[in-house]
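In structure tokens, the next block holds one chain alone, the form predicted alone.
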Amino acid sequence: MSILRSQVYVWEFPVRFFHWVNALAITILFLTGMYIGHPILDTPGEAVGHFFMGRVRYWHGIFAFIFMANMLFRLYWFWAGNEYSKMRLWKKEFWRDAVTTFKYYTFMTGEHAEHVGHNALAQLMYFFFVWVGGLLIMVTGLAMRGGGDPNGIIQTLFGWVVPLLRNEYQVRNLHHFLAWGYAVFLIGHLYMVFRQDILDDDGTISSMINGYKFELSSHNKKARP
């Protein structure tokens, strides 16, 4: 490996920290959210004697705020981090690469450009599922939480969401739908990560632990068929 490839420090610690905190927060939010929407435990007696749903809602709220703080931190690191921590969706080269990479992962072509950081398709998935989806899921979640305290600051800031979507039932449906979007994202994310690590042998999986990936040296890039 050291002869054929050169080691590159790609993912700085703040990016790796964000990744794993996000993975933990989304997992707990998804599991607690599914239970809140469809309780599967049937306990006898009065609810006040068990309060299991209350604890589930409590941890859902705690990790929701962890998720939001983590996303704000990552927004800052777009500016403060290295070149691999940024997105450049406005460049034509980005969209050409997204099309080429999509064809590669859908078996329409056997060739693709090698990337040390995220390829354009992975960045698009992050943008739509994590950032756009994350913003909507935060807004709808805060709107529902604000309903519990009509005079609170959350209701003041996000009370407009429920009238916009007609009623809280529709807000809940959108929140639930967006949560399943993360499950779809996870399937695509794992497929792309494992495929790239196996076929390109570039340390994609381990890089999210140690930060380092491997790329072909300039000499071997030219010699590679």
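Numbering starts at 1 and follows the sequence shown. Values in this document were obtained by computation on a predicted structure and should not be read as measured data.
We do not show the form predicted together with protoporphyrin IX containing FE (HEM), though everything after this point is about it.
- Tell me whether Val15, Leu29 and Leu186, taken together, all sit within 4.5 Å of protoporphyrin IX containing FE (HEM) in the model of the complex, counting heavy atoms only. All three within 4.5 Å in the model of the complex.
- Task: Just give me the single entry in Leu157, Leu41, Ile36, Leu199 that has a non-hydrogen atom within 4.5 angstroms of protoporphyrin IX containing FE (HEM) in the model of the complex.
- Result: By the 4.5 Å heavy-atom cutoff, the listed residue in contact is Ile36.
- Using the partner position in the model of the complex, report whether Ala98 sits within 4.5 Å of protoporphyrin IX containing FE (HEM), counting heavy atoms only. The answer is no: Ala98 has no heavy atom within 4.5 Å of protoporphyrin IX containing FE (HEM).
- Task: Report yes if any heavy atom of Tyr126 sits within 4.5 Å of a heavy atom of protoporphyrin IX containing FE (HEM) in the model of the complex; otherwise report no.
- Result: Yes, Tyr126 sits close enough to protoporphyrin IX containing FE (HEM) in the model of the complex that at least one of its heavy atoms falls within 4.5 Å.
- Query: So in the model of the complex, does Phe214 come within 4.5 Å of protoporphyrin IX containing FE (HEM), heavy atom to heavy atom?
  - Reply: Flag for Phe214 set to no.
- Task: With heavy atoms only and a cut-off of 4.5 Å, decide whether Trp20 touches protoporphyrin IX containing FE (HEM) in the model of the complex.
- Result: Although protoporphyrin IX containing FE (HEM) is absent here, Trp20 would touch it in the model of the complex, with heavy atoms inside 4.5 Å.
- Can you name the residues of 175-204 that have a heavy atom within 4.5 Å of protoporphyrin IX containing FE (HEM) in the model of the complex? Heavy-atom contacts within 4.5 Å come from His175, His176, Ala179, Tyr182, Phe185, Leu186, His189, Leu190, Val193, Phe194, Thr204.
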